[in-house]
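Let's start with one chain on its own, the form predicted on its own, as structure tokens.
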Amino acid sequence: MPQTPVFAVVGHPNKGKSSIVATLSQNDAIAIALEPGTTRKRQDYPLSVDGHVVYTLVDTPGFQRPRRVLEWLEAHSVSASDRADTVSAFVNQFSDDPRFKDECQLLAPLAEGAGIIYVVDGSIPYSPQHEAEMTILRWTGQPSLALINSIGPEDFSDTWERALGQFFQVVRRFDAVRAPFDQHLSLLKTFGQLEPAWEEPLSEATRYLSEQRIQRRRETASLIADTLERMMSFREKRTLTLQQTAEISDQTLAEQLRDQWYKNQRKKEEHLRIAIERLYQHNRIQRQEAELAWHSEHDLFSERSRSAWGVDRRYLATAGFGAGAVSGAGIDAVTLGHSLGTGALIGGLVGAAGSYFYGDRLTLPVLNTGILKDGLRTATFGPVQDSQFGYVVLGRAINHWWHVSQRNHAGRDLLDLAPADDHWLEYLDRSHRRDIHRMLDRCRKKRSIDDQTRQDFVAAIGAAMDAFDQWRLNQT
């Protein structure tokens, strides 16, 4: 069985090493700080897919006294043939010496056979002082790759590239915070070219990661579909005694049930967001209280949310016609075709008329009270009365998913979920529009939903995610 590749991420302090490790190991728990010296000892971060470790990254402290180390190495090496052994001898001799603690921590994994990922900040000018570090790393004789990770606004990457090319087998520019997923895979393939023994395991790693990304997308569509079904059909219910009925007005009862209905709906949406973030191994996104406070005007039930994520009358009319026509087709089936298709036509017109009527506003539930029976009376609030609410939830959910799926694990900024300024669902084909609209209607009317309709709904949401991707591509 091929050996799992191990890479030590090394370099000068505070040049983005931990950011590289966080992104390539999909681990947002790794501490990333602006001040130097945050990483004081080596730390292994294996990347697992379905319980299988595909590679391990080792985060290390930065070089502190590279010239002193190089002087010692040069003084104890006889020829080029013993340089790797001389580096190992240095680690063994000074592992408990506080003067060279950081150097021993970063050189130890290389002495054990790890590959080198040397990280520099391309936004600061190249300096010959780095050459002592690079010379020491070359002495280890391990497969090596240098990454130019620009942290600041300036760009000196060209100079860095020329200098690094003299010390390392491969040089790449890689933004740990913003690099798209395709660049992650490209980097892994490059690693595989550095050492023949790594080619097969890293080829497997890229395949695992590609399949994992597809699977995460499918699971996200299912999560959104399940949440939409529950939110569209949700009803807040309370049973009151005769005395309680006498003590509370219908208006107060409606307000209490409405507030509880809002609270539970928001909770369902929040659970969906957390589930998607966990699916993508983002466990520390700064979004919740601070973000909700910032986006208070974009609350789930606000008119602005409806305006941003809802659909217009024309869209509802066409989607409603398609969904209604499918229902009407049932009439044709029952009459064994004797209706000559008029069932589909009537169903389509009814669906379109209903959708058009509700298209320009978000119609919320009203209070419903039952008759007094056995001294008890039931009051309900919900489900939501029109499908527009479902489009608001759908748009917000897919917008959140898109940002999470594109976010690297080195990212530490607040997740910005600003609403769209034009409608992305225009990129969705008619067939999937119909499937979504039909499901939203069935949910709010609390009609039975068979497995095929549910599967069609999940597939339609997957297509909507593709449409959002396309819409975002056209925004840039």
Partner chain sequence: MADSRLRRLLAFDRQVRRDRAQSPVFLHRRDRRFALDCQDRNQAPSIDRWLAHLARVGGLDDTGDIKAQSQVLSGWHRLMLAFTLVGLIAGALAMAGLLYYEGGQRINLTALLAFAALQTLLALITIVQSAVEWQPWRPLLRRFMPGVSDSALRPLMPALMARIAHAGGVCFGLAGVATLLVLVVIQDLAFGWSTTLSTGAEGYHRLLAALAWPWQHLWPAAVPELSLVEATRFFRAESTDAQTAPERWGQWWPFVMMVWLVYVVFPRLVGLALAQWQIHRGARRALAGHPGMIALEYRMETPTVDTGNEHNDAADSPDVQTAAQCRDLPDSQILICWSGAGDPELPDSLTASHLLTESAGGQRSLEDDLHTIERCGELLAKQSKPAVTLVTRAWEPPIAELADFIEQARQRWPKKTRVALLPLATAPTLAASPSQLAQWLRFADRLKDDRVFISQPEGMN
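Treat the numbers as computed from the prediction; the structure is a model and nothing was measured. Residue numbers count along the first chain shown, from 1.
Note that the form predicted together with the partner chain isn't included here; everything after this is about it.
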Q: Answer yes if any heavy atom of Lys189 is within 4.5 Å of a heavy atom of the partner chain in the predicted bound form; otherwise answer no.
A: no
Q | Distance check, Phe234 to the partner chain in the predicted bound form, heavy atom within 4.5 Å | A | no
Q. Counting only non-hydrogen atoms and a 4.5 angstroms cut-off, does Pro66 reach the partner chain in the predicted bound form?
A. yes
Q) At the 4.5 Å heavy atom threshold, is Pro180 in contact with the partner chain in the predicted bound form? A) no
(Q) Just to confirm, with a 4.5 Å cut-off on non-hydrogen atoms, which of Glu219, Asp250, Asp259, Glu247 contacts the partner chain in the predicted bound form? (A) Glu219
Q) Which pick from Leu185, Val170, Ile124, Ala84 sits with a heavy atom within 4.5 Å of the partner chain in the predicted bound form? A) Ile124
Q. Which one of these stretches, 143-151, 193-201, 400-408, 273-281, sits within 4.5 Å of the partner chain in the predicted bound form when only heavy atoms are counted?
A. 273-281
Q | Stretch 5-23: residues contacting the partner chain in the predicted bound form, 4.5 Å heavy atom cut-off | A | His12, Pro13, Asn14, Lys15
